[in-house]
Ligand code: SUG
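The form predicted alone is given below as one chain in structure tokens.
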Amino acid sequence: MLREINFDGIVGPTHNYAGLSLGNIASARHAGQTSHPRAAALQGIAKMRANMALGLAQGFLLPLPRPNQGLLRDLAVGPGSEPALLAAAWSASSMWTANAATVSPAPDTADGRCHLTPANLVTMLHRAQEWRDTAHQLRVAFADERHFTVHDAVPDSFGDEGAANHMRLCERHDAPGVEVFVYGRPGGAFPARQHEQASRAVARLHALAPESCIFIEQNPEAIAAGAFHNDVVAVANERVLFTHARAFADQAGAYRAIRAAFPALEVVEVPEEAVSLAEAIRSYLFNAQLVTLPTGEMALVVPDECRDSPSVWRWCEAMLASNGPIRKVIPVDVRQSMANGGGPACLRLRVVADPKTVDQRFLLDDAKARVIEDVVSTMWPELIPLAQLGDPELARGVSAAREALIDALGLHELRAEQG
């Protein structure tokens, strides 16, 4: 009974706007502003609840331990240190689980197990600290070695950003698929975070058939415009590739390569004249969850910002009227995440698996959602001005908040995480 499960990251209690992510336009625009961790986490839980109401399988991952005292010690951070070093140790960026790992489902792999490789995220300090704690949590959630293999990250010689630069096309989620790895080339105004050799290494680790792997270069113009990950300009689900016309360096060549491996491909392309690349990135039209509902219809879960954009919403309405493969567009409020450059798709890691083989503590239901909401509502800070990062009292409070969530969910193994 394989099905797609979306594992959303619970927004951590140190959610802040330090503007650490070079090339992320939204992160830079909101740098220095006061964040609202409680509201951010509740928005994320509301999105998860809405997905469950659609009949989708929903899981979650917990925030990593922050502030990362190990990183602060290793960098000897103290008075007079660069503020960005302190902010990195407080970052709640693990909430964006689209960067947690790359996932290849069992139907695609040689050994018939689902393979997960945590992303090394070496391009940015605030993210490079994550992968070992992420791997530990994944090994708890997917501990059944008959069905899952969790690898270590690829060596940090090559930057890997996880599922945000990976797409999968298939007739059904439980059928063999074609995996598309999108990489960038260095040399532009902003870093190209996904290296081609990291993508190829992940494909080999997962024992994927070479004929079922496609490697495509992201458009350098898209990276320069703020599409720091492929999922800012393209998303796939089953037979459908939903993409901006300027997503790939060779758009027509990308379509030909994918179609040669997967002839059933259906492309829904948004032309530049309908929605500019800049507006697509500002609204995060493509950083959406493209999902298959129990009815068989496809729905696009988009941020509210899409409804606020005249050109984007006009295109969405025209798409629905055209009777194409995407039959619903569902806006959700994730504004606190969006202000740091993370839309609905950033917040989730897609895993195709039998839910019975996953540690049940990580699968969301109404009772667990209420538990998480209760802890967040009582323990998460209501707001964090950026100048408050480093405050010892705040550090104690956010650490206690995470411990309270661990206790409430019975996930005591996660106390063993080491930053």
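This is a predicted model, so every value here is computed, not measured. One-based numbering along the sequence shown.
There is another form of this protein, the form predicted together with the named molecule, and it is not shown here; the text below is about that form.
Between 271-279, 230-238, 315-323, 133-141, the stretch whose residues reach within 4.5 angstroms of the named molecule in the predicted bound form through a non-hydrogen atom is 230-238.
The putative spot formed by V103, N120 and S199 is not touched by the named molecule in the predicted bound form; no residue has a non-hydrogen atom within 4.5 angstroms of it. In summary, among the residues R127, H115, R168, H195, the only one with a non-hydrogen atom within 4.5 Å of the named molecule in the predicted bound form is R127. Residue C346 is the only one of A247, C346, V182, L285 with a heavy atom lying within 4.5 Å of the named molecule in the predicted bound form. Although the partner is absent here, N68 is not a contact residue: none of its heavy atoms lies within 4.5 angstroms of the named molecule in the predicted bound form. Under a 4.5 angstroms non-hydrogen atom cutoff, the named molecule in the predicted bound form has S27 among its neighbouring residues.
Residue contact check for G397: none of its heavy atoms lie within 4.5 Å of the named molecule in the predicted bound form.
Proximity of V302 to the named molecule in the predicted bound form: non-hydrogen atoms within 4.5 Å are absent; the residue sits far from the partner. Residues N340, G341, G342, C346 are the ones in 337-367 with at least one heavy atom within 4.5 Å of the named molecule in the predicted bound form, listed in sequence order.
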